[in-house]
Every structure is written in structure tokens, then in C-alpha cells.
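We begin with a single chain expressed as C-alpha cells, specifically the form predicted on its own.
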């Protein structure tokens, strides 16, 4: 009896146990038409998308989910604390860069770790990781090597690889997230119901690293691929939607409010995110707890904002929380916007099998065997994808 009582207590206190993982229980839903304006006009070409619908969709995401991203600051400075030091048996050089942004006598510093291959012609394309895990995963000394950021593999492929940590912008903590860029540079955001919070701050930081890349002669700033895992994958999509300088986006196991459709109500749901991580998204998003169908957008529309640039999304077989099928369907539902640019559908009707990646020049997807993580298998496919375009 004690075990039964304990299980019931856990069921009440841990809503995760009550989440739906049964496809048969996915409710009927209708996605918002990404090609129909709020006034009911149908978008039929890329010019109308660019001038009319795209700005409208972007505003909807800003107002209802991610928050408005400020672009003003007084100045930005780059300081190399480590410059062109040979590493990896001479295959690469290490750069460590402090990107400091100033506004009204306050500042924040983003610390960037960057490895650049030595045996290829410069400038080179680069993968930029928004690191939401421990800083040891992007160890510049390479004493610790992590599959989460396999710098040696990427260097051997001819790409540069960079990373910054989310804590430089906003600690991933509901009680302290505001102590970084928000309090120091943009305190007004904290008073706005559509003001950005942690994920907006992290995406803002990715754009400031892009500012640096545009000054580095070793980096091809027109070939920067922004990468994120889980909450970092939610951020990489938002960063690519906001900042069109990013050439491509990789969103790894990003789930709800990342690459997966919210209306499927499968795995993680909006109410769960807003309860457990109230510091990620703007205040307005709380209005949609258990009301996914009331949202004026869904995540296929976020992917569409990246068009015509390439997007690679992933899942893992044991990570139903991130809704593998819903992720694939979101990519499929974004294809009509890519078609406006003359890009033909690249994805099959149904999701591929486990460990059977689809890698095209504009869309990539795989569902890897295993758990919620980012691994060498994932990175190998990201590299293959990058070489396609």
C-alpha cells in the first residue's frame, strides 16, 4: 500500500508522468496557414512573403513567445586573450575572444572559444554552438573532450568550430536569469509582457558573436552555422529566424517551442515549459498553457522564418519528450515557404527510420538511436549537411 501511495504522490507532483506519448491520443488539430496573412490574404511569391507575411510572422513570435529582441547598444569591442596558438598537433589554432557589449556605462562580456583549421584555405565556414551544458564540454585546453562538441572531428572536416556559454548572457535559473544582459543592458525588457527573457538573451548573444566573426579574416562570415541542443536548439532556431546573417541552423532534440509542433500535445507541452522554466519565454506565452490551439503560430512557422536558408533538425529514439514525429512534421509544413524560393520538397511524406538520416541541400533530419543528447553521430551528419550547401 505504501508503494501505491508513493506512486500516486509522484503522479500528482510530477506532471511529466502524465504527458502523452501515444500517437493514438494526439488530438485533431489544424495548423495556422503559414502562407495566409492575418487579414486572410494568400501569399503566392517570395516577394510578398518577404515584404508582408514574414515580418508579420516574426512579430507574432516576438509578441506571443520569444519576446522582442533589442538591437541597440552603444559599442562593441573584441579582445583576443589567446590568438592563433597551435593545437591539435598543428591541425588547428586556438582563439579565445572576449566580446564585450556596452550600453549606458554598463557592459556584458561573451567569452568565445574558437578553433580554426590550419590545413585549409582561409576564410573557412564555422559551426557556432550555443552551449547550454557545462563549460567543460567546450574545454579550450582539450584536456576534456566531449562528443557534445567534438572539436577535433569538425577541424578534421575542414570547418572551424566555436562556442559560447549561455551563462554569459543569462544564467539558466528562474531566480537569477535577469542578472546578465537583461538587467545590465535592457532592463526595460523585464517590464514588458512581450519582452525577451533567457532564450531571447542567448539568441541575442549569438548575434553578437556573429558581429565578431565579420571582423575575423580567418572566418567566412557568410557561412556560419548556428547550432543548439535542447533549450539551446530552441535558441538556435530563434537566433536564425531573427538574424539572417546565419547561413544555416541546426536544432538538435529541441522539442516543444523548438522544432516540434505544439498542437500535437505530445511529450513536453507549453504548460510544462512555463511552469518548470518560467524564465525562458515572455510573459504572454503563459496565456497558452494548455491552450495550444489558441496560439496564432506553431513551430513550422518558425522554421519557415529561416527560409530559404538550410535547417537541420534531429531527434533521439528514446527522447519522446521532444516529439520526433512532431519535429519532422514541422519541417514538412515549412516546405511551402521554401517553395516560394523555387526550392522543391526534399522530405518524404513520412519520417525516416531510426539512424536513417535525410540530408538535402535545404533540409536535413534524423532520429538517432539513443537518448536526449548531442553525439558524434549527430555531428557527423551536421558536417555532411554543411558540405551539401
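If you're wondering where the values come from, they're calculated on a predicted model, not measured in any experiment. Positions refer to the first chain, counted from 1.
As for the form predicted in complex with ligand GCU, it is not shown, yet the points below apply to it.
Looking at residue 280, you'd find a heavy atom of it within 4.5 angstroms of ligand GCU in the predicted bound form.
Though the partner is left out of this view, residue 131 does not reach within 4.5 Å of ligand GCU in the predicted bound form, counting heavy atoms only. Taking the partner from elsewhere, residue 49 is found to have every heavy atom lying beyond 4.5 Å of ligand GCU in the predicted bound form. Ligand GCU is not shown here, and in the predicted bound form it never comes within 4.5 Å of any heavy atom of residue 138.
Residue 268 is the only one of 243, 268, 168, 216 with a heavy atom lying within 4.5 Å of ligand GCU in the predicted bound form. Residue in contact with ligand GCU in the predicted bound form (any heavy atom within 4.5 Å), chosen from 273, 307, 110, 261: 273. Looking at 282 to 290, 310 to 318, 204 to 212, 223 to 231, the stretch with residues near ligand GCU in the predicted bound form, meaning non-hydrogen atoms within 4.5 angstroms, turns out to be 223 to 231.
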